[in-house]
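Let's start with one chain on its own, the form predicted on its own, as structure tokens.
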């Protein structure tokens, strides 16, 4: 009888002690919405800053029978998404892969929330380069921790006010500071403002992993997520209006609701298309 060759790594790449520690810190993050929980970020077979935090959360949660999707700025076929998918195939052989957001139990993403609404029981894991929104106004970590504990975000509001004075509007295009459950303000990762309202009272669980900074935080289902704003200058998402004031459609599928990327066609003309590649492709198929 010929025995099967032994696997080079155990299931999920991480050892069981590492998975247990990450799960415990993740549970703490879910129990205290928006709180940055420190954890012992492990070395991974990819460089810091390329999604190690999100990948460690994903590997601690994936198991046989799960269906996994990974996207990079909305695309399923970008370099980051393809390589992470290949790694998951090697590390978790019993996990099914999909490009359909509604079919996935766990989705790992870099800089986007899927256009298709998330459902109860789904988990969205976001890769985070810089977890603390206060770092732009306070360099001292000890002082930042005190400010978070006291819910003192006045200096962030001053920064928003300076934007209004200098430019007439708040110019933050991504990483928009968002207050969770009435207390902690988080950096929602570099998702565009278009995606920030999707965190509010959502059906799914949002987990944020910063491998380089060794932090995990969460927005549980049915939790308030309110972008910082002023009463007389409310938060708004990107408008994508043309010169006539009409909302631009996607040049490929015609959607007027999705987040759009700007690109040049084969003639060098500026066009706009859906950032979410799977959403756009399925809309095109439905129109044929």
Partner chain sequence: MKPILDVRNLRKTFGDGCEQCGRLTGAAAATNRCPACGTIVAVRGASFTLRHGEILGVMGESGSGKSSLVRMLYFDEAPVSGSAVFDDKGTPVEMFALNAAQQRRLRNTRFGMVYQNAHMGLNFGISAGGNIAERLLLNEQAHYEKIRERARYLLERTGIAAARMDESPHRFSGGMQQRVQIARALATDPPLLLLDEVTTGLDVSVQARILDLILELQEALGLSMVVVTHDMGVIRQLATRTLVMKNGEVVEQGLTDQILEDPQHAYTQQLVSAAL
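Numbering follows the first chain given and starts at 1. Nothing here was measured: the structure is a model prediction, and the numbers come from that model.
The form predicted in complex with its partner chain is left out here; the points below concern that form.
Whether 146, 157 and 161 all lie within 4.5 angstroms of its partner chain in the model of the complex by heavy atom: All of them do, each having a heavy atom within 4.5 Å of the partner.
One residue of 222, 241, 263, 230 in contact with its partner chain, assessed in the model of the complex (non-hydrogen atom, 4.5 angstroms): Of 222, 241, 263, 230, the residue with a heavy atom within 4.5 Å of its partner chain in the model of the complex is 230.
Counting non-hydrogen atoms within 4.5 angstroms of its partner chain in the model of the complex, say which of 103, 203, 152, 90 makes the cut. Exactly one residue meets the criterion: 152.
Tell me which stretch of 249-257, 58-66, 232-240, 24-32 has a heavy atom within 4.5 angstroms of its partner chain in the model of the complex. Contact-bearing stretch, as computed: 232-240.
Which of the residues spanning 48-86 lie within 4.5 Å of its partner chain in the model of the complex, based on heavy atoms? Result: empty, none.
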